[in-house]
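Coming up is one lone chain in structure tokens, specifically the form predicted on its own.
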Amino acid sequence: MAGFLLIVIAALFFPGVIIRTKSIASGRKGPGVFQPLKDIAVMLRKGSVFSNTTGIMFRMAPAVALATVVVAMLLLPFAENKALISFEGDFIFFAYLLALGKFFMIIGALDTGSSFQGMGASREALFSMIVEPAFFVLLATFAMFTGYTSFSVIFNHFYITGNDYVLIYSIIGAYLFVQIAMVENSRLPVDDPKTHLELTMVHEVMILDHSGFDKALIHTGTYLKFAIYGSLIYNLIVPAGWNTILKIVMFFVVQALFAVVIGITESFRARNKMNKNPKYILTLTSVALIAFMVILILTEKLV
């Protein structure tokens, strides 16, 4: 339960830290850390407007997407404390919970009957499909490294394997989780959340027809998703045996650094050309495969 609550708290300030980082990097005063929460509060008080061409799938999509993210949060442990839901192979369930939410958002976009939103939905589906192998190869690497297939046990045993290369695996894993999070949440360099250029929009065009309460649900799910990946990075780089107070402090430090990295990336890096994105995302899978092969060699399982 501790991990669930910490993720919720982290999600409250995560988007604000990104905005503040970008404001400082560009020399602007910018909005406050809690401005995204104020925006959500305003949207929650508004009603939703639905086009006559949309159906039940369009109305269901935001709620289903948020629900899948909340359930995915229950699968993540905090340090040595087990997750509320934990079983062998739970990382597969985790991945496909998030995929289910994205599936409903894609179907909801197609339900509008707009070719414009269909274009964004097809791109979103392509990027998610290409990045999926990187996540599974990375988790398979950790499973091979520790001998377990559950999030709770993998992270508990990661630093007690006695392997001298554990720090290298932590750095590679943290890098890949950051990049996967950027792709899954449609951020630079794959997508720009602030763009309104029709030919290059991906996620933003999918949610153009959503408004009010429904749009608040979508943004809430996005913030929680970022905090989820921050929690994965924390569990990977912070040993489970540390003092509880120190672990809580480190959790928020990792989340804040994650947000700062995103803000700096979006301040100083341009978005990829659309035809370059598949190659960029496939590179993440290549890095994960290299790590997997190294594990096979070091554990003498490569025959």
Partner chain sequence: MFNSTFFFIIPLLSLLIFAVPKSLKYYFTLTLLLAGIVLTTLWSYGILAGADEVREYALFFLPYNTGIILTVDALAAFFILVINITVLTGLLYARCYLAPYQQKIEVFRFSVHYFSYIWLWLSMLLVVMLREGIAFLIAWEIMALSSFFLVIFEAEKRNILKTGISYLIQMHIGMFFILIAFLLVNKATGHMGFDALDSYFGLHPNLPVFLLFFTGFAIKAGFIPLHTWLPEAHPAAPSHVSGVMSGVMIKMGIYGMVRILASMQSDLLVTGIIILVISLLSGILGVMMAIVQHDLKKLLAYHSIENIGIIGIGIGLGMTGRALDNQLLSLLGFSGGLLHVLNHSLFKSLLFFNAGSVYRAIHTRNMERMGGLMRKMPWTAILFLTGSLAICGLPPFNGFISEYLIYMGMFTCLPEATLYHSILIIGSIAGLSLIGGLAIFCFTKAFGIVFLGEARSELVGHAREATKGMIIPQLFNVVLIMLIGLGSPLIVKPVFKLAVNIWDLDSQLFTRGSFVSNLSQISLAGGIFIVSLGTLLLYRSYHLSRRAVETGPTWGCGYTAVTPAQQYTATSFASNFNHIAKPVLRSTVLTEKIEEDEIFPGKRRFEFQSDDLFKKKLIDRPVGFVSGLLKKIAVMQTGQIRHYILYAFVFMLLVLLLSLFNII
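Keep in mind it's a predicted model, so treat the numbers as computed, not measured. Numbering follows the first chain given and starts at 1.
In what follows, reference is made to the form predicted in complex with its partner chain, a form of this protein that is not presented.
*Asks:* In the model of the complex, does Q255 come within 4.5 Å of its partner chain, counting heavy atoms only?
*Replies:* So Q255 does not count as contacting its partner chain.
*Asks:* If you check in the model of the complex, is I56 within 4.5 Å of its partner chain, heavy atoms only?
*Replies:* Residue-level check for I56: yes, a contact with its partner chain.
*Asks:* Using the partner position in the model of the complex, report whether A121 sits within 4.5 Å of its partner chain, counting heavy atoms only.
*Replies:* Yes.
*Asks:* I'd like to know whether D214 contacts its partner chain in the model of the complex, with contact meaning heavy atoms within 4.5 angstroms.
*Replies:* Taking the distances in the model of the complex, the answer for D214 is yes, it comes within 4.5 Å of its partner chain.
*Asks:* Just to be sure I understand the contacts: of V137, I180, L188, I172, which is the one whose heavy atoms reach within 4.5 angstroms of its partner chain in the model of the complex?
*Replies:* The residue in contact is V137.
*Asks:* Only one of I218, A125, L224, V153 comes within 4.5 Å of its partner chain in the model of the complex by heavy atoms, so just point that one out.
*Replies:* For this set of options, the contacting one is A125.
*Asks:* Thinking of its partner chain in the model of the complex, which stretch from 261-269, 25-33, 236-244, 38-46 has heavy atoms inside 4.5 Å of it?
*Replies:* Contact criterion met by 38-46 only.
*Asks:* Residue by residue through 95-115, which ones have a non-hydrogen atom no more than 4.5 angstroms from its partner chain in the model of the complex?
*Replies:* Those in contact are Y96, L97, A99, L100, F103, F104, I106, I107, L110, D111, T112, G113, S114, S115.
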